[in-house]
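Next up: a single chain in structure tokens, the form predicted alone.
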């Protein structure tokens, strides 16, 4: 396909991208935007340095390759380089979304499903309503000088509703969002929307300040997921360890880092917004357990980090688009389920909190999650809504305080935002878990 120089390792990633954005504010469509782009990202490696370029002129990729070869030093033994030897060589077509592509759904169909679900929010207490439809479709073709020739694709679509409930001087911002891989999975979510709206109204009218201090806490699947992603997942991205001996010692495989019941994995083949069958170095995803039964068992890799730490590839070299080089990123990061029901998790809590959803989260060694809605747990029952600014703590300490997990884990998807790292934001990911009980967390 391309004139690859045998004295270098080279790969070419071509992406045909399509996306739609439709936004309504106060019932009026303010934005309808369709974007299309065909672009390539080209890499050349001589065993010492990587050389990159990005171009929308995909007909002249060979010319770009030759320019990159001029910058490097020919290496007749490049095939035996420890990075190059790790790269996989797949020849396959794994296009699974093309027959049901969002590219084939009309503007009218997208607006219809958006408006239909907006009917739920006709309520006098709602002072402002914004709703949106978003989709993204990427068709990839990856080639390498080792012989890889991979066609694969990605797709997500969804609807979301942001609303303000005004009660006196207080304002509560609520939201509801659905993210799926196929358009026909976006249906009428009346029961789910009504339930969340009722919680939001109750919260806006009756939420009281929380008691500050250390309390037992139960996290919902989406909050447990963002906790796993922000507080632990980023620490599993192995490029943080390159050249950092302190981090390598702290992150030694086999180290006890959490409760015996805790297992966390990353897996790109999970359906949802974190779907990533092949990474941007042509490596097929695998289920990588980062923690298994409380013990650190793995980390996430791309070619350079795997060679540096003498470990295997995991399929986590990802770029936001073809304007960026791949770096180590999560896909779908999930806490495994346990053996309890939600009712059993809260039954033994005399005085604690249930965190229903979140506004935002961040963290590495210390984590912080700002709840959007939270509720008091009193004598084993869910009680009144409460206002909590943040829940916070030390990552490793908190992992060790997990003492209960519900049976089923849920993968949660977001069609807005995504994961940020360095200058690459937003990258589509997903996360989740079961309901998670933690014996002590700092409530502020």
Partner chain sequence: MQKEYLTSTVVKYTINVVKNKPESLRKTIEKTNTVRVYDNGFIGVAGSIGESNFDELEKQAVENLGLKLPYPCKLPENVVKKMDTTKKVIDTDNYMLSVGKMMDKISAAAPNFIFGNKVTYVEVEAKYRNTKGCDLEYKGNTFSLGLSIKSYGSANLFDLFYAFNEVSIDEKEMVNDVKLITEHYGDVVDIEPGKYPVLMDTSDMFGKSLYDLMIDQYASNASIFKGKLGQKMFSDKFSIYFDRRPEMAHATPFFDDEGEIAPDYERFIIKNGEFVALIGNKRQQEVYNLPIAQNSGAPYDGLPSASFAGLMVKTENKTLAEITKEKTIFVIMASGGDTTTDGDFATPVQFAYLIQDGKVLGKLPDIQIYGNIFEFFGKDYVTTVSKALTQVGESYFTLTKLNVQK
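Residue numbers count along the first chain shown, from 1. Remember, it's a predicted structure, so these values are computed and weren't measured experimentally.
FYI, the form predicted in complex with its partner chain isn't displayed, but the following is about it.
Proximity of residue 389 to its partner chain in the model of the complex falls within the 4.5 Å heavy atom cutoff. Although the partner is absent here, residue 37 sits close enough that one of its heavy atoms falls within 4.5 Å of its partner chain in the model of the complex. In the model of the complex, residue 123 stays away from its partner chain, with no heavy atom inside 4.5 Å. In the model of the complex, none of the heavy atoms of residue 309 sits within 4.5 Å of a heavy atom of its partner chain. Of the candidate stretches 235-243, 258-266, 187-195, 145-153, only 235-243 has residues with heavy atoms within 4.5 Å of its partner chain in the model of the complex. Scanning 347, 79, 205, 247 against its partner chain in the model of the complex with a 4.5 Å heavy atom cut-off leaves one residue, 247.
When its partner chain is considered in the model of the complex, only one residue from 359, 95, 92, 295 comes within 4.5 Å through any heavy atom, namely 359. Contact with its partner chain in the model of the complex holds for none of 20, 211 and 341, as no heavy atom of theirs lies within 4.5 Å.
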